[in-house]
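The C-alpha cells that follow cover one protein chain in two forms, given apart as structure 1 and structure 2.
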Structure 1
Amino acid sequence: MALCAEIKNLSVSFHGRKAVSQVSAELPAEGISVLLGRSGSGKTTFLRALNRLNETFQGYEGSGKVCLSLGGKMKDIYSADQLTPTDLRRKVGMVFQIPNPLPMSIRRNIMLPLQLIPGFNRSKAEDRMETALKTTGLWEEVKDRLDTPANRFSGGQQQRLCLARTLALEPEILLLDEPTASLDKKSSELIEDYLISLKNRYSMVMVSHNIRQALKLGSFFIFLREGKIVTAISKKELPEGKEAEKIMSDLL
C-alpha cells in the first residue's frame, strides 16, 4: 500500500498539557483518511502536525517523527534540511472549519498567495486561478464578479473559494479540518461532492465530527481518544449501511 504519511511517536503539548501522546500511524496515499473522535480527542492537533501549523501556537512543544510523500519521496518534515515551514504549507494545503477568505476580492484571494511564489508569472497565475475556480464549481458563479469582495458571497461559496485558493498553489496533500461544520446542509453536500471528485488527484486527510459524512467520503479511518489512537480501520473492513454506522459510533 502506497503511503502519504508515516507518523512515529508523535507527541504535542501546549503549555505543558498533552494534546497528542505517542501517536504512530500510516496513512494511505489513495482516498481520504478521516480522523474521528470526540471533542478534545486530539484530531485537529494531529492534523496540524502534518503541516507544522501547531508551531504557530503559543506554548507548543512537540516530539516524534512525521514523514510525508512529497515529490515522490518520503520526507521528514521536521528535519531542518528538508523543507521550510512555508514551503511545506504550499505542498500540504489546509482548509479550515470556518471559511477564512481574505478581506479582498475573489481575484486577490487567489492571486495574492500565488504572488509569493518565486518566479511568479501573472499569466500562469491567472490560468491557475481559473482552473482552481472551475475545479470547485465557482467559475461560472464568479467569473464576471472576480473583483467583488469575497465577504459578499455565501458561506458555502466562501468555503469553496478557500478550497480553490489552496488548490491554486498546486499542493500534493490536502488537509481538511471539518470543512463543512459551519455550513448548511445544501452547501455541505456540495463541498462533499467536490471532495469526492478530488480524491483521485490528491492525498487527503480530514477531520470530521459526522459519522455519515466520514463513511460517505472516507476510505480509511483513525479514531482518537484523549490524544491517543484507539484504532484504525479501512472502509473495506466495514459492513454496509447502518451496521457500519453503529460500529463507527461505538468506537468514538
Structure 2
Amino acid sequence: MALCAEIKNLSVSFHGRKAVSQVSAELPAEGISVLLGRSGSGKTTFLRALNRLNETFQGYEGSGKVCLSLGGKMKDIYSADQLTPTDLRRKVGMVFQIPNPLPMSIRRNIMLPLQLIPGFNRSKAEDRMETALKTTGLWEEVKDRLDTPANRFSGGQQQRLCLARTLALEPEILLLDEPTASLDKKSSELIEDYLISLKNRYSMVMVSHNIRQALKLGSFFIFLREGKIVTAISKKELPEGKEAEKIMSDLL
C-alpha cells in the first residue's frame, strides 16, 4: 500500500507538557485519513506536526520522525537538507479549526499566497481564486464584496474563505482541522462532496468530530486519547451502516 505519511515515535510537548506522545502511524496515500478524539486529545497538534507548524509556538519541544510523500518521494520533513519549512508548508496546506483570515480583503487573502509562488501569473491566479471561492460556495455571497476586509464576514464565511485560500494554493497534501465545524448542513455537504472529488488528487488528513462525516469521507481512522493513539483502523475493517457508527463512538 502506498503511504502518504509515515510517523515514527512522534512526541510533541509545549512548555514541558506532552500534547502528543510516542505516536507512530502510517497514513495511506489513497483517500482521506481522519483523526478523531476528544477535545484536547492532541489532534490539532498531530496535524500541525505534519507541516512543522508546532515549531512556531512558544515552548515547543518535539522528537520523532515524520516522512511525507511529496513529489512522488518519501521525504523526512524534519531533516533540514531535504526541504525548508516554508516549501513544506506550501506543499502541505492547512485549514485551521478557528478561522484565521489575514487582516486584508477577501481578494488579497487568496491572491497574496499565490503571488508568492514563483511563476505567478495574475490572470491564472484570478481564475484559481474564482474556482476556489465557487467550490466553497462563497462566490455568490461575496463576489460583489471581494475588496471588503475579510474579518467582516460571518464565521462560516470566514471558515470557507480559509478553505478556499488553501485550495487555491493547490497543495500536495491537505490538512483539514474541522473544516465544516461552523457550517450548516448544506454548506458542509457542498464541501464534503468537493473533498470526495479531490480524494484522488490529493492526500488528505482531517480532524472531524462528526462521526457521520468521518465515515462518509474517511478511509482510515486514527483515534487519539490524551496524546496517544488508541486505535488506527481502516474503513474496510469496519462493518457497514449503523454498526460502524456505534463502534466508532465507543472508541472515542
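Structure 1's sequence is the ruler for residue numbers, which start at 1. Throughout, rigid core stands for the largest set of C-alpha atoms superposing within 1.5 Å between the two forms. Please read all numbers here as calculations on a predicted model, not as lab measurements.
In this comparison, the chain shown as structure 1 is the form predicted alone. Checked against 144, 131, 194, 170, the hinge of the rigid-body motion between the two structures corresponds to 170. As a two-part rigid-body motion between the two structures, the smaller part of the chain turns against the larger by 17°, taken from C-alpha fits. Here the rigid core is superposed, and residue 108 then shows its C-alpha moved by 2.8 angstrom between the two structures.
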